[in-house]
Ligand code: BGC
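Next up is one chain by itself, shown in structure tokens, the form predicted alone.
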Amino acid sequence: MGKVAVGVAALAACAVAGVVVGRRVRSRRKWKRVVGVLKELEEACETPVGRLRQVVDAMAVEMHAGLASEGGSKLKMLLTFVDHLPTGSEIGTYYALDFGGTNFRVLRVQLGGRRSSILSQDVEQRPIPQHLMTSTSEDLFDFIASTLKQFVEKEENGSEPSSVRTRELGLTFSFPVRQLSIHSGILIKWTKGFAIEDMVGKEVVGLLEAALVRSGLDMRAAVLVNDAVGTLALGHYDDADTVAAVIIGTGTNACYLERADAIIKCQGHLITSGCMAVNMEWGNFWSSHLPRTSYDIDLDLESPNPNDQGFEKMISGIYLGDIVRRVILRMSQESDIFGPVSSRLSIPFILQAPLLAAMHEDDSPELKEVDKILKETLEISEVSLKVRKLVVRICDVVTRRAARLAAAGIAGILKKIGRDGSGGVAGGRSRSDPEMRRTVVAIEGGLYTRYMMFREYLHEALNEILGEDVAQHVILKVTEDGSGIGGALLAAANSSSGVDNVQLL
């Protein structure tokens, strides 16, 4: 009897051991599948310096093509007609209207006549009432003009209006516009929820100035620009060596100073300073050298603008979190390491850039921030530390690729204007020349300013691409509020009271 009992116990123990071993084998297989997905992602996102230099060359080639003719390149290379940037000699009070969404801002900036000398600035933000987003152009601009008038009267403390000159305004208008001159442009279409039909195809500045006249406010819109050009202006006001500006935030764009004789498609336009700011619209750049994954392809196909803005979809804040979401979703479908597949993993753009950065930069031993975001945002709970580390690795791979591609884009601009050390037509000098010119690129946008790992990866890549001898002469300088202050500075630089010329040597 005793022997039977022992035999039964032995059999039971073997059965339990078999179950345990079976579970371990299945677990290892599941983990192996997940590791396979990660390895596939890593390989597809690889950006060795050789590949980055191919992207640099492709960017420069596309820039040349876009400057030669309309439609000649994926890069639009839009003429801004801005051929005067602030130099620091500007004196007086100027205004800005920053209108690019459901809120708009009005600013008043007092300039002191010295470089980087803003004596004072005031700003007020107002929401656009919902009904005005689908009303008429007259209703919209009457509301904006009324707000501007109240702002001016409040800031001037009820003093008598200036009899010396008309107040001058810089208008930053972040909707698709076909620029006609530095202070005029036609609205191509509305975005961001606006649908004012009678304004499409109309000249924007004229509509604003008509509303200003109706309100009784003596003010002239001196410039019509976008936020990238405003950032270039602010950068140049702070540092005369600024030659380009890059926005890397929710979206991305770049502009730079180009020699007038290199802009073939602007022949017939009068450029008095020898150069012009060119709005690249670089989000639409594309090259076969860009490391594209299956997740990028799916994101693009399911977006409202397939086969458009390919570069932006790989490097800007609004898309990075969604790429990470797609990778986690696939891993969840391949294995149960995240538990049952969460329905929230199927919600596009639920994982935004600040959450991505918080997970990536979580330095707590137990990765508590990762755990919190998985639970609260994606409704994925009770995952092991091993799985949390996997999520951090996914964030790292996607972010590193984005930052390194952004660096390649910047290097592409420098190559086009001869500031990459290769010695170009714009006078950048050779790689070994100790007198190589100091080159400043103004940068704005939360992805760069608030995401430390993104910023470090970008700097690392730029050093690799250019080499340390050249990279030491290239400074990436953060600006704040190019879309607002930059607009006011451009109004000052292009004031009817006279301007100094900017030269790109």
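One rule holds for the numbers: they count along the sequence shown, beginning at 1. Under this definition, the rigid core comprises the largest set of C-alpha atoms superposing within 1.5 Å between the forms. None of these values were measured; they are calculated from a predicted model.
Absent from the display: the form predicted together with the named molecule. The rest refers to it.
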Option touching the named molecule, based on a heavy atom within 4.5 Å in the predicted bound form, out of Asp83, Glu258, Glu90, Asp227: Asp227
Counting any non-hydrogen atom inside 4.5 Å, which residue from Glu168, Asp371, Asp322, Glu281 sits next to the named molecule in the predicted bound form? Glu281
Please check if Gln309 has a heavy atom lying within 4.5 Å of any heavy atom of the named molecule in the predicted bound form. yes
Distance check, Gly251 to the named molecule in the predicted bound form, heavy atom within 4.5 Å: yes
Even though the partner isn't displayed, in the predicted bound form is Gly274 close enough to the named molecule, meaning a heavy atom within 4.5 Å? no
At the 4.5 Å heavy atom threshold, is Pro176 in contact with the named molecule in the predicted bound form? yes
Within 4.5 angstroms, counting heavy atoms, which one of the listed stretches 324-332, 132-140, 374-382, 191-199 is next to the named molecule in the predicted bound form? 191-199
Superposing on the rigid core, do we see a C-alpha displacement of 2 Å or more at Gly339 between the shown form and the other one? no
After fitting the core, Leu187 CA displacement of 2 Å or more between the shown form and the other one: yes
